[in-house]
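Just one chain follows, in the form predicted alone, and it is written as structure tokens.
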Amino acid sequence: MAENNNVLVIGAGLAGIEASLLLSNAGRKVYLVERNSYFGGTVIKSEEVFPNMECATCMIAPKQSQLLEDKNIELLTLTDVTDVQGDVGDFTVKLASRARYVSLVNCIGCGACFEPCPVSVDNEFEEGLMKRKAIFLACAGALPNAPAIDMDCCLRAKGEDCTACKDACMFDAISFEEKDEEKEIKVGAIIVATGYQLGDVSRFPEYGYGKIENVFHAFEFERLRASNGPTEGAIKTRDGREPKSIGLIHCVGRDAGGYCSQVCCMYLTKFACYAFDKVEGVEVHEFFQELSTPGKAGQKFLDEAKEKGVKLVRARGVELSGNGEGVRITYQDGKTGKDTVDVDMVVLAPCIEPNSGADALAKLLGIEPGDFGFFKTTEFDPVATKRAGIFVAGCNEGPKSMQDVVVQAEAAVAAVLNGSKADTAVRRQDPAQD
């Protein structure tokens, strides 16, 4: 049987984009599947990338534009994989795409449809720090530059004949008649690049998240710094004040069965640099159990933060309590015993976890979950799974810096293009496949 050279890439974050572009350059047809209405993954939530503090948008936007123009890549947003059958070289995959209700051809991204919409809900992309409408774009600059209608909160789903967004559109881009679709594709290999999420900090009551007003988790702080975020890059407390002091808490949940994600130390050091660059005279305290700053670049980055004035505190048993408009941090320092620091704002860094649905996807694909729910790879190959022809790339295999995500995406593409030992072994065991 002739081998199918098409490739399915699941997840259109940094790893998925990089893999898709490389595969296309090698002449492969790529189906790039993304469950959200936009693509770019968590990298588009970031303002800058450690350790060199490059502009994240400047890094990813050209790749996104190149992908949208690439005729070898079929980007399928609002789409989930529902079934995978077959073997390496001959997979049959079923896809389910949800209706966008907005034409990607007719829409020019003017945003005239947003204001008339009478529905207002928390914006998940902005971590609930601002509202969005039922018809929405995740954030300014999100691609594709066309909104989607969330029918879970649209008045039409409740039986009301609301046409506010359609009436405001001069380009006839909105169609309530769009339907969900299913399609079947044939591919020879699959790369899984479904990314990660932050652990739920509300599971740990000692940190007071959701109860103490000015306790934030890491993605919230990242969006505060983002120029296209809810405060247009101004670092502010929830009550709108510029903080005079910030506490950065490492290792949240580690003592309750978590693990060291390693990259957390680097992104909290990045947050310290954010604070020093944006808030004049701010005090920044970092509370850590252990510091992980791998490599020369990581150590140099930490040294630069120290030069800017970050105060490093080795601490265990950290607990937070409200203190007027601020937060009191109580901790064990290993020297003088229990101590306290009062700050205006606290940022929590929990463990990194696979995106929701990783277990179900692993079962559907017939691959194994590994430690802490990440996808398991074979012992001597960091991209190959136990199922021949299915590879993983990025943070769904484990926490990584953006630089390492790109390297693993390249390795996954090399495995697809060159074939793996596992693929060869499968064919030798079953000559009927040839």
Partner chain sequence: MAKIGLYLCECGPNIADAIDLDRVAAEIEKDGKVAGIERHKLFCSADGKKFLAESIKKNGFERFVIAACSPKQHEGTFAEVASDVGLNPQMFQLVNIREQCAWTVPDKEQATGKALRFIRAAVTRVQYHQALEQKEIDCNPDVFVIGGGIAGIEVALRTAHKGRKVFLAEKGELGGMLKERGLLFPAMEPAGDFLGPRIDALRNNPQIELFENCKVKEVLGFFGSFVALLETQEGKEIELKAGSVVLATGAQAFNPKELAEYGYGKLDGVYTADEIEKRGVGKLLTESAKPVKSVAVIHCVGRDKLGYCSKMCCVNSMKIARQIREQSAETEVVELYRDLCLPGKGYDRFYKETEAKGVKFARFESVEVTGGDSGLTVKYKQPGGTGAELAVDMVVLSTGLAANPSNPELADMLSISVDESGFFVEEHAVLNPVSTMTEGVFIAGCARGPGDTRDTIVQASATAGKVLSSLVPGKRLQLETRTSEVSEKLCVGCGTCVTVCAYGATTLDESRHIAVVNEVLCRGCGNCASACPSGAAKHRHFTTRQLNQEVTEILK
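Positions refer to the first chain, counted from 1. All values reported here derive from a predicted model rather than from experimental measurement.
There is also a form predicted together with its partner chain; it is not shown, and the following applies to it.
In the predicted bound form, its partner chain lies within 4.5 Å of some heavy atom of Asp381.
Looking at Lys63, you'd find a heavy atom of it within 4.5 angstroms of its partner chain in the predicted bound form. In the predicted bound form, its partner chain sits within 4.5 Å of a heavy atom of Glu54. Among residues of the shown chain, Glu34 is not one whose heavy atoms approach its partner chain to within 4.5 Å in the predicted bound form.
Stretch 102-110 is the contacting one of 182-190, 116-124, 204-212, 102-110, since its residues have non-hydrogen atoms within 4.5 Å of its partner chain in the predicted bound form. Taken together, the three residues Lys94, Phe271 and Thr340 lack any non-hydrogen atom within 4.5 angstroms of its partner chain in the predicted bound form.
Here is the short version: of Lys308, Arg241, Lys131, Arg314, the single residue with a heavy atom within 4.5 Å of its partner chain in the predicted bound form is Arg314. A single residue from the set Ser245, Thr79, Asn355, Thr293 has any heavy atom within 4.5 angstroms of its partner chain in the predicted bound form; that residue is Thr293.
For the stretch 8-34, the set of residues having any non-hydrogen atom within 4.5 angstroms of its partner chain in the predicted bound form comprises Leu14, Glu18, Leu22, Asn25, Ala26, Gly27, in sequence order.
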